[in-house]
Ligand code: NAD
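Single chain ahead, by itself, as structure tokens, in the form predicted on its own.
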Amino acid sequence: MTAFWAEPDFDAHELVQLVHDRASGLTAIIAVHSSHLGPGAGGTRFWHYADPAGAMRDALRLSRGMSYKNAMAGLPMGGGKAVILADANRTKTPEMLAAFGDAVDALGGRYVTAEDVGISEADMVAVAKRTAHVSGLPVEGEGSAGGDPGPFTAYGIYLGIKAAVAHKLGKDSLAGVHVAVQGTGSVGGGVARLLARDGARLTLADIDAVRAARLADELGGVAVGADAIMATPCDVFSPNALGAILDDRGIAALDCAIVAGGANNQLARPEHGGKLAARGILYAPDYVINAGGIISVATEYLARREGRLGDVAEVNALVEKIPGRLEAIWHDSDSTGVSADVVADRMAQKLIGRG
């Protein structure tokens, strides 16, 4: 694995820690990009990497993305992320989760963790037995914040898609708007259901073809192969799986007016935002549109630190500010000719004291 400071995605990160616990078999990376606004907050990803260097790249990119996401969401939290390196069988044990909880606790609150890909609410309960610096725990009472943040992420993306359709297509309704949804898990599936409720026409794809087909049947949509979704002619392409899909090849394949989805780090490299703009495709910066989950997690965590329960209405009110932030980015981009991703990055960098 290349030294992290030599990685292209190293961006003056405040902390990058490799955790190895021989007894449990845990190998993890915890990265804190910025604590300018508060403790570094971001979920833990449990994933098998054929090349361990990919885990370091994910930790660096995702933690930086969380700095920007939390800042743009108006949260008093910095940016952090953790990656647990799974073996090929995705072996996950109580001992590994306990060791990970101990590693988070040893940082003394510099990093606050929650769910991400491969990590469940039950896993966070296990981690919480070893540290208080965790969120995404089960809901403690009716109307209280907590639990799976996925539905809040999906709600924010849905609102962002509506805003994008209004801005780019001049439509105040999603009825008949064709959305190609990549990824039909917790977030993508939630987005699809909200879109279907508004009469959108859906094309769905997932690496789990059976899951995509079932959701298509449920919603009256069409399922296509995972390798075909990016080239599907549509109004909106909504990526809700893993990131780095918007590279030269992916952008060339697109046949849409808008890209708006929940996947993290959708742009393979910084220059790809300009390439989207050059094609006339409106881009919703991922860390702005997909902030609903971290808004839920942060609201829950901060409320618990104050000795109270967070409120779902409080979370929804913050999520409902996402369209306004996107509009501000797009209007700036329209007036300056600077691509939306760069506009958003500059806004976020100022907010974390790096602009």
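Worth saying up front: this structure is predicted, and the values here are computed from it rather than measured. Heads up, when I say rigid core I mean the largest set of C-alphas that superpose within 1.5 Å between the two forms. Sequential numbering from 1, following the sequence displayed.
From this point on, the text means the form predicted in complex with nicotinamide-adenine-dinucleotide (NAD), which you will not see here.
Whether K69, G185 and A241 all lie within 4.5 angstroms of nicotinamide-adenine-dinucleotide (NAD) in the model of the complex by heavy atom: Every residue of the spot touches nicotinamide-adenine-dinucleotide (NAD) in the model of the complex.
4.5 Å heavy atom contact, D123 and nicotinamide-adenine-dinucleotide (NAD) in the model of the complex: D123 lies outside the contact set for nicotinamide-adenine-dinucleotide (NAD).
Touches nicotinamide-adenine-dinucleotide (NAD) in the model of the complex: T153 (any heavy atom, 4.5 Å): Looking in the model of the complex, residue contacts with nicotinamide-adenine-dinucleotide (NAD) include T153, since a heavy atom lies within 4.5 Å.
nicotinamide-adenine-dinucleotide (NAD) contact in the model of the complex: D235, any heavy atom under 4.5 Å: Result no; D235 lies far from nicotinamide-adenine-dinucleotide (NAD) in the model of the complex.
Contact flag, D248 vs nicotinamide-adenine-dinucleotide (NAD) in the model of the complex, heavy atom cut 4.5 Å: No.
Per-stretch contact check against nicotinamide-adenine-dinucleotide (NAD) in the model of the complex, the hit in 168-176, 195-203, 92-100, 263-271 (non-hydrogen atom, 4.5 angstroms): Answer to the contact question: 263-271.
Contact residue in the model of the complex, chosen from D87, D208, D217, D255 - any heavy atom within 4.5 Å of nicotinamide-adenine-dinucleotide (NAD): Exactly one listed residue reaches within 4.5 Å, namely D208.
Contact residue in the model of the complex, from A128, A231, A226, A277 (heavy atom within 4.5 Å of nicotinamide-adenine-dinucleotide (NAD)): Looking at A128, A231, A226, A277 one by one, just A226 meets the 4.5 Å heavy-atom criterion.
Rigid-core frame, C-alpha of R45, shift of 2 angstroms or more between the shown form and the other one: Superposed on the core, R45 moves its C-alpha 2 Å or more between the shown form and the other one.
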